[in-house]
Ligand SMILES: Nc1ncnc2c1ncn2[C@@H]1O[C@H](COP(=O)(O)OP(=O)(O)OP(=O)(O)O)[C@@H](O)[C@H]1O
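Just the one chain here, the form predicted on its own, laid out as structure tokens.
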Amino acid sequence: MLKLSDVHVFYGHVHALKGVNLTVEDGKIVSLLGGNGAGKSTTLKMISRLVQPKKGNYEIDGKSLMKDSPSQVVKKGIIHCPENRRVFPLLTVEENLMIGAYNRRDKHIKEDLQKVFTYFPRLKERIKQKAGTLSGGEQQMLAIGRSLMGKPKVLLLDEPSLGIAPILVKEIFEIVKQINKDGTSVLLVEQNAHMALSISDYSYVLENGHIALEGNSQELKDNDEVRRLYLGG
């Protein structure tokens, strides 16, 4: 279980996260919703140790990660799939995927590569193709696949629908559901609130750096305030 307790983050004098409490239980998809600048990506960066909290605690399975480096967090199974994909454009699909397994020393890397191809058959078709020549949707598949090669316990997924054709968005979210069913917990940051609420078990709504609402995703989907602010109804 991943747990944040009373987390505060500052950028200079800007109070970006204001006492955030958040839990991702094992085997669950948790979505984090909110407008631009609400603190969603900052939350993921804090979990990845790319930004440092000024106050609070952050732990997985009861063990604090507050003193860990980003590489140590990755080794403990918390893998960040960043916004805007950030694949290595001059490297092939295969090379990008293998970079995701950089910290691994086990004997199951090739097996997990084949598993990625079961999720994303298009990547296998383009295995020797340079990542920069893929479509936006294919690059998103590659970014998720690269993250899976790190063998995550918790996948931090930042805006997977951004800049993707609607038909591919639906496909990618169906694959995220399958990844979760296969045992990976997911913390999903997503502006497509309807899609995020549809696939997640529990959701939090961030406003100006603090949790304004939280609850069962279906219940939030039916919440009048959430519908008005995020679902266009």
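Note that residue numbering follows the sequence shown and begins at 1. Because the structure is a prediction, the values reported are computed rather than measured.
Heads up, the form predicted in complex with the ligand isn't pictured, but that's what we're talking about next.
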Legend entry - Which of 41-49, 23-31, 66-74, 168-176 sits within 4.5 Å of the ligand in the predicted complex, heavy atom basis: 41-49
Inset, instruction - Assess the spot marked by 35, 83 and 191: is the ligand within 4.5 Å of a heavy atom from every one of these residues in the predicted complex? - result: yes
Legend entry - Partner contact for residue 159 in the predicted complex: the ligand, 4.5 angstroms, heavy atom: yes
Legend entry - in the predicted complex, residue 211 touching the ligand (heavy atom, 4.5 Å): no
